[in-house]
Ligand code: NAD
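To begin, one chain is listed below as structure tokens, in the form predicted on its own.
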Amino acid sequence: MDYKNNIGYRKETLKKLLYNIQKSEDLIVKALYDDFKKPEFEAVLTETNYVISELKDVIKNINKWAKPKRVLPSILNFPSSDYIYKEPYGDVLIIAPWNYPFQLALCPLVAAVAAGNRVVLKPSELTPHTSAVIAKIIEKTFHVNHVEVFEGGIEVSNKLLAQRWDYIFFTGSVAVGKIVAKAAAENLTPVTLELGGKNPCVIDETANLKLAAKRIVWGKFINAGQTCIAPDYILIQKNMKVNFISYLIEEIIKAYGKKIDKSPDFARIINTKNWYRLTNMIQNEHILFGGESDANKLYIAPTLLEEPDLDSPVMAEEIFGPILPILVYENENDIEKVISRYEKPLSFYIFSENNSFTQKLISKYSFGGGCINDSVIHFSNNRLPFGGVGHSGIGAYHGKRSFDTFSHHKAIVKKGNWLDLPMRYAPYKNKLVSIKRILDWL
């Protein structure tokens, strides 16, 4: 079993993984529902189908991606041929989150395997049903010395992080990301950290408010708001607020009905700890819509808040739940006062027909990625890099970038022997003027 050098073996193993996932899709969907009532539509769209599409893309392109790339040589090395070789890092640790527990475990794993690494996967203990299905699929697909799953809680993660790895890929909160980075630093292990932040959603007076409301409701409340790239808060031009709120309420009811707790299309909060964290956020806030909750069912309704104080709990950290604060602005200075309070976000959304305004915001603020006149959908294009900046993450992946993320790029110069210019060799007497002229010319 030569998974490091045998690309054919990697490819066949990924085909086997594709078959096993497709065969187990109903089990995966059921596990996601059992863990936190994730609707079947969302489970297929954002979890199983996404992984299946990623696998097909990798299988199709793995030979091309793994092939050494010839690059233009430097004239200083004439005659030579220059190449970039891709080699696996070696032993890779992937720690996956609970909010998209199948997709965010399998997609990095697929890329790591494609690049030729040995992988240890740690799924989230908060989604035990999905974790168990993942473990069975991996066991059916891979030799234990190639890919292995370690289930368990924080103690398992700590034991894994205490070991030496050649690469660590982590998706989760900023707080835990710092712990992972610190552990990796002990051995100078390279990392990818996919984290989060308070993602702003700016709406100006030129926006199509009705369509914006529809797209924001979908992006915010899919997975009950437990999405790292979901809009975290709205910043809307003051005169547009009243109409926009009415459209938001209308779209929420269209999506989930008047009895949202009965809707089969609305997920639940992952656990009691997060339910209490979220319900505490809306205490003493002016609720425009929603606010209903049930601890026994881990349910919190889609909730709209009117202009919470910037120092309030709901504005102090990433919400990661079905709560949407609505703030107003009158000018661009007001926008800056809010956005500049927070670290660089993972995503940024602008709803506007004013190209000058959108380009100004995109240029002014640093963030991982985003959309103009929509939300969340930039994640779906694997030709776009996905990753954060600053506190929202380190590194990016998706598509070919995922393969490159798990590959060391080795630079090789193949020098010709038919000519050997004497200029570079000692003794250097009377050569400095000539070499400076050559370097200036280059």
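Numbers for residues come from their place in the sequence shown, where the first is 1. Fair warning: this is a prediction, and the values are worked out from it, not measured in the lab.
There is another form of this protein, the form predicted in complex with the ligand, and it is not shown here; the text below is about that form.
- The stretch among 157-165, 231-239, 184-192, 107-115 whose residues place heavy atoms within 4.5 Å of the ligand in the model of the complex is 157-165.
- Only one of E285, E318, E148, E251 lies close to the ligand in the model of the complex, with a heavy atom inside 4.5 Å, and it is E318.
- Only one of F142, F348, W98, F266 comes within 4.5 Å of the ligand in the model of the complex through a heavy atom, and that residue is W98.
- Put simply, D334 is far from the ligand in the model of the complex: not one heavy atom of it is within 4.5 Å.
- Looking at P322, you'd find every heavy atom of it more than 4.5 angstroms from the ligand in the model of the complex.
- With a 4.5 Å cutoff on heavy atoms, S173 counts as touching the ligand in the model of the complex.
- In the model of the complex, R215 stays away from the ligand, with no heavy atom inside 4.5 Å.
- In sequence order, K122, P123, S124, E125 are the residues of 109-125 having a heavy atom within 4.5 Å of the ligand in the model of the complex; the partner itself is omitted from this view.
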